[in-house]
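Form predicted on its own, single chain, as structure tokens, below.
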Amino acid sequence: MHYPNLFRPLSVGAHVFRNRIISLPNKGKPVLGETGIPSDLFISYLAEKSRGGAAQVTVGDTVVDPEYGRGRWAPLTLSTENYGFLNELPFAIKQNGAIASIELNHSGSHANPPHRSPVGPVSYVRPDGVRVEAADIDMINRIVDKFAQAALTAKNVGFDGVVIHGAHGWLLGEFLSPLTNRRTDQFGGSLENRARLPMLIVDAVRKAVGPDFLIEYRVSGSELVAGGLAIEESTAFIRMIRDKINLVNVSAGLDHIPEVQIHVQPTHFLPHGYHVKWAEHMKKELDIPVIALGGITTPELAERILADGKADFIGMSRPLLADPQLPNKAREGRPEDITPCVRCMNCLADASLKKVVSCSVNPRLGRELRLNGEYAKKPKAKKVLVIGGGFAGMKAASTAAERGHSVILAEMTNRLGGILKFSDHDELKKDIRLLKNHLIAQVEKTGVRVELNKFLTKRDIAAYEADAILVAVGSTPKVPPIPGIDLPNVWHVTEFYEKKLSPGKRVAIIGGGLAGCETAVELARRGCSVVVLESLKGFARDANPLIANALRQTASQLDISFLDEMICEQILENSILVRPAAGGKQFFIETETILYAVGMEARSQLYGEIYDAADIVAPVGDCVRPRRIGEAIFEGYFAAMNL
């Protein structure tokens, strides 16, 4: 068997897990209006995860007391009035063989309830001016009852278990943590007192649902801040409730402190398996099934964690957004077919900002219901020419071939990968490298005919006699109009990596967008002293807030200087002459190597020349407008699906 530890069944309580992969809760918005009723789109999204082969699929972050909810979106409501609608959630999961679970949470101090104050362990005024009230005994009893009622409702509508969310600084985490619980009554002080509310809730939930219903407790192994909860107390707390629960889910970090929020879902600046050390500690100390998580994106890493005895289950959230079929593909020995998560955090950023489920590498995510209907039938086979072997072109070519078309992919260089071929030489881009290699593997596996070193003119294209042409020729780096830009020690960042050049000890990077800043991190990790120069105010403005935050924190620990609102006047042999944009004296920055990353320009000319060369001619990806990987993959996929 491929990955024998990952696919060995395990009995927990009255339930048998078909493998060791747990689909963790995430922030999809599953409701219609203010009713708290799950939508058909959300139900189909969950069914897709179950069909993909996960052992358990968990519905995310369900508020037990809507009157004390977040206020930013309508929560899924576990109420008797919604029984008939709620029943479809566990059914959609269980019909495909997975265990159905739902996460229960109380927002505590971080709620935004209308017409009332949020509640927490103690009274205080939040930075946004909202007053938080300390939960009195009546409120504590209400909270306990709400958790028990929600769990019973979950059982009655067909769920197999619940996850009690006690991590990341939400209410139960607030009570358990010495950082936020400064009460002096029986609910504060010692660990036993701080644990009293979570223990009351666990007792009440177990009494409500009976012995055969699964209870999983989610805890922060460490809150990663001075004075916060640490692994020793987390482990001691789980030991207190060990006989009442079935599994422990070991996470880390806090959602409400930016410095550690980025550790809750580790970005590409952190190693894979970042949280595993805390799960391993609990596994050694406690006799209870332990779920490890935190940037575990490949079956190889998951198998190794299990084989080493560090955990009993592997929790995955973002990897199963990127590819819900990851478990099935791994079980069948097809790891090259797994679409890798690149840890770009656009899923969480979009969920928080746009209230939608999204993924940069999976254009089907959240659209499963509609797409399964629209594209159920295969089209009449066409002869398709795809021009350009970057991410958009490769996705278009392999998708078209899967749909039954005869596909030729013409690439003007000697290998596929587009501008992101440089990821082969940048360790910070290892997740992008996995995605590139996956797309190349899919082109090869689907039978696409690849023609390398093919720079096609309009006359060349006519000779293919294609029914459809997809133009995916990408973009080219902008060259800043700075005197000296053509000196031999000046390179675009991608060209520098491709040529495997030595940067020396001192590097200056012109351009403070995400590309320039990430290059600075990579080179600083190699031991370089780096200066990043940006003409506008701020850095990494093109990054989502989570990645920008992670970038700032990572860079602060390295030898990187950021100088914004600076104009580069001239590049000399071993220095750059700069001046402040707002005025002031010029000065020199000494450097050995100068790199630039000031944006890209679309290669739009070819499409303008051949727009009428076939029945269907469509531009996709950066040749339309330079953007992110997600847009390239989205456009390549749907251009092929629409043929």
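So that there is no doubt, residue numbering starts at 1 and follows the sequence shown. Given the structure is predicted, the values throughout are model-derived calculations rather than measurements.
Here the subject shifts to the form predicted in complex with a small molecule, a form of this protein not shown in this document.
Trainee: Go through Leu179, Val132, Ala230, Leu348 and name the one with a heavy atom inside 4.5 Å of the small molecule in the model of the complex.
Mentor: Going through each option in turn, the one that passes is Leu348.
Trainee: Would you kindly say which of Arg318, Arg194, Lys283, His268 lies with a heavy atom within 4.5 Å of the small molecule in the model of the complex?
Mentor: Of the candidates Arg318, Arg194, Lys283, His268, Arg318 is the one lying within 4.5 Å of the small molecule in the model of the complex.
Trainee: Give a yes or no for Asn362: in the model of the complex, does one of its heavy atoms lie within 4.5 Å of a heavy atom belonging to the small molecule?
Mentor: Looking in the model of the complex, residue contacts with the small molecule do not include Asn362, since no heavy atom lies within 4.5 Å.
Trainee: Although the partner isn't part of this model, could you tell me whether Pro198 comes within 4.5 Å of the small molecule in the model of the complex, counting any heavy atom of the residue?
Mentor: It does not: once the small molecule is placed as it appears in the model of the complex, Pro198 has no heavy atom within 4.5 Å of it.
Trainee: With a 4.5 Å heavy atom cut-off, would you call Leu89 a contact of the small molecule in the model of the complex?
Mentor: Result no; Leu89 lies far from the small molecule in the model of the complex.
Trainee: Is there a non-hydrogen atom of Thr519 within 4.5 angstroms of a non-hydrogen atom of the small molecule in the model of the complex?
Mentor: No.
Trainee: So which stretch, 326 to 334, 89 to 97, 260 to 268, 239 to 247, is the one near the small molecule in the model of the complex (non-hydrogen atoms, 4.5 Å)?
Mentor: Residues of 260 to 268 come within 4.5 Å of the partner.
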